[in-house]
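We begin with a single chain expressed as structure tokens, specifically the form predicted on its own.
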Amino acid sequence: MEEILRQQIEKIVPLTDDEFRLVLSHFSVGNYKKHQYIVQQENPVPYVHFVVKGLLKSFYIDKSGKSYILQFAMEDWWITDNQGFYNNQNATLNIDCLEDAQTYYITLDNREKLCAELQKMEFFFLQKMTAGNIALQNRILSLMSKNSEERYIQFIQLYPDLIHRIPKTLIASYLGISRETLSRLSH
């Protein structure tokens, strides 16, 4: 399990064994069951999670009770409510487990301590944040400019492993289309 986190970091910055032990000392391990929430709207957001095993989704529920899926996170991905986590505010999003999950998680204080102790980790987290912002920008542009078929094709191309792990109703919600439209597109 430790090796998965190390490989994730070393895609961006090399680490000695001592440096990796320092990194690990700032993280904790979380084990979660399917349907368990790790973040809930209106509650504090103490951690950012790196997914080692399992599948999670972040979503927003509006005042009328309608749910909007913002993100899925599978193995080797990071997930949190960024606004709540980085601004020390209550969550605007929910994050729950679509499968049993295991994560490495870190508090903002530990993240800042780690970056102060090991400068290259600041670069790592900056690169991950930048990649996340680019992905979010691309998702927004896709929702604004592509039709339902183009969004579905893009989803399959970007996330071929997810298509078989996520119920069609959730994929439809993520794409901003009805379940019926998705059924028509996927045949």
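None of these values were measured; they are calculated from a predicted model. Numbers for residues come from their place in the sequence shown, where the first is 1.
The same protein also has a form predicted together with a further copy of the same chain, omitted here; what follows describes it.
Chemist: To verify the annotation, which of these, 28, 145, 43, 31, has a non-hydrogen atom within 4.5 Å of a further copy of the same chain in the predicted complex?
Modeler: The residue in contact is 145.
Chemist: Answer for residue 134 alone: is it within 4.5 Å of a further copy of the same chain in the predicted complex, judged on heavy atom distances?
Modeler: Residue 134 belongs to the contact set for a further copy of the same chain.
Chemist: Can you tell me if residue 111 lies within 4.5 angstroms of a further copy of the same chain in the predicted complex, counting non-hydrogen atoms only?
Modeler: Residue 111 belongs to the contact set for a further copy of the same chain.
Chemist: Wondering, does residue 157 line up within 4.5 Å of a further copy of the same chain in the predicted complex on heavy atoms?
Modeler: Contact check for residue 157: no, nothing within 4.5 Å of a further copy of the same chain in the predicted complex.
Chemist: Closest heavy atom of residue 53 to a further copy of the same chain in the predicted complex, within 4.5 Å or not?
Modeler: Residue-level check for residue 53: no, no contact with a further copy of the same chain.
Chemist: Where, among 31-39, 44-52, 158-166, 64-72, do residues come within 4.5 Å of a further copy of the same chain in the predicted complex by heavy atom distance?
Modeler: The contacting stretch here is 64-72.
Chemist: Using a 4.5 Å cut-off on heavy atoms, which residues of 114-134 contact a further copy of the same chain in the predicted complex?
Modeler: Going through 114-134 in order - heavy atoms within 4.5 Å of a further copy of the same chain in the predicted complex - the hits are 119, 122, 123, 125, 126, 129, 130, 132, 133, 134.
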